[in-house]
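A lone chain, given as structure tokens: the form predicted on its own.
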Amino acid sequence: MLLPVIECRWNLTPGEARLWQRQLAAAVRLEALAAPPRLIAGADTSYNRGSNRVAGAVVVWDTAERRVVAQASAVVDTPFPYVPGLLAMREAPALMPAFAALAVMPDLLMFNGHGTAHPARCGLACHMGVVFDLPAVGVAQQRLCGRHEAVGQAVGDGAPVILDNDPVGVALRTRRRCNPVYASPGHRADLAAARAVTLETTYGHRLPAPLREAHRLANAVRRSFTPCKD
């Protein structure tokens, strides 16, 4: 069971949410990992456009055995609207009960989203990393802020994402002839850790295995509550 170490309130106005986001950003610690993580909890959400019902899914991936060793999901109705830069306020409430239902304690959290590579330097991976006080990284499929040079075509090539003259993430080639992904630290990890963990868990795919498995589970849960059309 994975429980928050700080109080979370999701019934906030956008203004209140931005204030809390700044407080969380100030609490983010960027540091090297003490050891390579064996158990990585991949987290993702799924919902229909225009709907406030969100499916959250978490899977624990064993990097030594290359398989899922635990998983949990939840469905939550969230009233928080879509606000650019505050997507965590819609997705985190569905992920919290899924994390709470886990039977295995992960070494690191990985989110389908951004960490510090975010306009406020506090994406979903930062939110959840600070809330649980665990190492966390974000791996997103699109750049949200900053700029970077062209990325080479070889697997492992990367270019730092620069925001206000600071490197906040890395555009990373994880598969040939595929667009790069954007990895960034969330909490208790650094840029080198975000890059290494991402590359070490892709296994020839574009996205890391923990996120691929979480994505499948989240979509399956969403389909279970989506009415079928005749």
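Bear in mind that the values here come from a model prediction, so they are computed numbers and not experimental data. Sequential numbering from 1, following the sequence displayed.
Not pictured, yet referred to below: the form predicted together with the DNA.
None of 68 to 76, 98 to 106, 154 to 162, 141 to 149 except one has non-hydrogen atoms within 4.5 angstroms of the DNA in the predicted complex; the exception is 141 to 149. In the predicted complex, Leu124 approaches the DNA with a heavy atom inside 4.5 Å. Using a 4.5 Å cutoff between non-hydrogen atoms, Asn48 counts as a contact of the DNA in the predicted complex. Shown alone here, Arg212 lies farther than 4.5 Å from the DNA in the predicted complex, counting heavy atoms only. Using a 4.5 Å cutoff between non-hydrogen atoms, Pro135 does not count as a contact of the DNA in the predicted complex. Along 206 to 222, residues His215, Asn219, Arg222 each place a heavy atom within 4.5 Å of the DNA in the predicted complex.
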